[in-house]
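Before any questions on how it binds or moves, here is one chain, the form predicted on its own, in structure tokens.
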Amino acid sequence: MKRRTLTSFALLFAGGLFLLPASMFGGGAAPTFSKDVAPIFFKSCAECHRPGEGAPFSTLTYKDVRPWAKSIRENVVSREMPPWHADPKHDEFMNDRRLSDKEIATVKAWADAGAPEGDPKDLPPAPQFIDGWTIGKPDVVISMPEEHTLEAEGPDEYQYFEVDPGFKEDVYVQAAEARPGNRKIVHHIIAFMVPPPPADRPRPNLTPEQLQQLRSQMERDSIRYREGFLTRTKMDAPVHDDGCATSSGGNSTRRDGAGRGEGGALLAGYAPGMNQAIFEPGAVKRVPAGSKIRFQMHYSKVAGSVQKDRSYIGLIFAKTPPQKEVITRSVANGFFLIPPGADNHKVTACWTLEDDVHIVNLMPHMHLRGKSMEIAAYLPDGRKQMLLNVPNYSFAWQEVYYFKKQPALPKGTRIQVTAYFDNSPKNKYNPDPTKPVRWGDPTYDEMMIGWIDYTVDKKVLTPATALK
């Protein structure tokens, strides 16, 4: 019994030591915000934790940080913050914001010591952000054509707005950023560029009645249906969980010869946690002359409160001659069905390369039942190259992963996206584990997309009027 008492005392003493302030250990003074912690926050946190952004507090001043010290400690030690969901075993990414073990220990020791401020003279210069923009001051800002009013009650809405930016010549975009006008209701923004139709294939001039007949016919022929402002998949539509076994790779969207979907080619986007598009010098998004910009807006309503929004995008044009065109492709499965209660349901989608390419970045996208996603390349010689593994996907933080060294993939490579979904009661975010789930716009349905930005090796831009 005496030995047991001594053991208990030793454990209590060790635990007490762990809770004591760092300054009481003999290892020197405790870290301070001004000298030790602020540089970490400025480097890895301030992009989101600053005025005007979606994070709940700013990390730019001690006054703003101090009330959150305990929460910061918990989230940093658990590696919940800064958010990063890619498995580091496979590739290195330019925007990896994970803290080092030393940085985590510094933040922990600072919080344990009572989160002292230290000497304000030690505070390094705060990072500079231009008028709230992440990419810097845009050369042009394009807004939705009018303000949209969202009613207080009802399901989510997908709304589309088209605007003519007046581009008379091709323009070359080095960086693009989409920003919500009202963060309370904007879940995501996708800004598409919709080029004018070829001269030999003008857009038909249909009457409203003819247009409605065409839409009705397309809906009858489609696996989708409209429900208010949302598009969903018919429950009795064909099911293909293994999209790679189908001729389309699982994709249910018609594409043109340039790989553009029905909505056009993606130019800029916004979603929770999504970083903005900034490309290396020489790599650009090309907006063809005469293109319209189409905003796809996903709105979530605030109960009891009518809200308004007018979102916008900012573009920075290339200042040096563009060489490579960045193309966006979605590798998606639109035919899956997740059974009720399934806790690890597998869905695949595939795309076979028709050119030699370099992969610029990757972005997984699922909804609330999304569990994990892998994106792998199967080379023509039979080798498998893992490009990205996200073992714990978070719908609340939709990262775009930019490669440090862009993978070079030869023609004939099959890119496979493999997703796993948890539609069981164990998933605390699951809207309803008793129902089967199909593809759909609302977050209570699901999506399965691997977004890919890439450049084609042999496709070199030689614009006659670039940078005018």
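Predicted, not measured: the structure shown is a model, and the values here were computed from it. Counting begins at 1, following the sequence as shown.
Separately, the form predicted together with a small molecule exists; it is not shown, and the next lines address it.
Proximity of residue 420 to the small molecule in the predicted bound form: non-hydrogen atoms within 4.5 Å are absent; the residue sits far from the partner. The shortest heavy atom separation between residue 441 and the small molecule in the predicted bound form exceeds 4.5 Å. Contact annotation for residue 47: at least one heavy atom lies within 4.5 Å of the small molecule in the predicted bound form. Not displayed here, the small molecule is approached by residue 56 to within 4.5 Å at the level of heavy atoms in the predicted bound form. Although the small molecule is omitted here, in the predicted bound form none of 365, 368 and 401 has a heavy atom within 4.5 Å of it. The single contact residue among 82, 334, 180, 314, judged by any heavy atom lying within 4.5 Å of the small molecule in the predicted bound form, is 82. Site annotation in the predicted bound form: the residue of 358, 97, 294, 310 reaching within 4.5 Å of the small molecule with a heavy atom is 97. Of the stretches 403-411, 63-71, 420-428, 433-441, only 63-71 has residues with a heavy atom within 4.5 Å of the small molecule in the predicted bound form.
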